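For reference, the chain that follows is the form predicted on its own, supplied as structure tokens.
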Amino acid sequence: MSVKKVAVLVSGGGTNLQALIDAANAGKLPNARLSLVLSSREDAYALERARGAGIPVAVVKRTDSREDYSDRIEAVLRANGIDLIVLAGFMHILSGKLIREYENRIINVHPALIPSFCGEGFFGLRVHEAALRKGVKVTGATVHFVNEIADGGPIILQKAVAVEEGDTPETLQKRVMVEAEWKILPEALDLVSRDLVTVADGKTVIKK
């Protein structure tokens, strides 16, 4: 089985990227090579994490046209021979054309248990603010394939996290990252890179 070349798309601090780097260094991603970190911002700290790990980086700044922006991203991905894409705190929606080009080869981590608190407008602290407003007792994180509906692709893995008395959006965000996102994102990438996840009738099937 060939090793897949992976691009991680980021916009901020890169904590989920760091989880992937740590997993790779621990030998937990035998069929995935972190080959590119692409950022929408040149000041994203994620780029420093990538450089520190010896991963090539690229910056593609956002333009007004989603289609033009995605075409420019696709050109960089093609030039680097990328097989799989991980959206790890990437704050922009990709075009349908790019999503179709990489059908079932783009995964995203979302800080809630989809279908709760997801879709356009639900990102970052907004997700946790909404969960606390609703008064849920359990939240978590989801890794899913990306399709043309925001947070609407087939679910690969989910992990629940308890909401604690006195939680703020910030404390809940941190707990969801530590207890869920940083665990299931590397696990999902490992499964996808080893071709252990297939999609049938809009749902995922994980091979044992």
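Note that residue numbering follows the sequence shown and begins at 1. This structure is a prediction, so every number in the text was calculated from the model and none was measured.
Not pictured, yet referred to below: the form predicted in complex with a small molecule.
Between the small molecule and the residues Leu77, Leu94, Ala88, Ala131, the one pair within 4.5 Å by heavy atoms in the predicted complex involves Ala88.
Not displayed here, the small molecule is kept clear of Ile107 by more than 4.5 Å at the level of heavy atoms in the predicted complex. With a 4.5 Å cutoff on heavy atoms, Met177 counts as touching the small molecule in the predicted complex. Heavy atoms of Ser193 never reach within 4.5 Å of the small molecule in the predicted complex, leaving it off the interface.
Taking the partner from elsewhere, Phe122 is found to have a heavy atom lying within 4.5 Å of the small molecule in the predicted complex. The stretch from 69-77, 108-116, 131-139, 95-103 that comes within 4.5 Å of the small molecule in the predicted complex, counting heavy atoms only, is 108-116.
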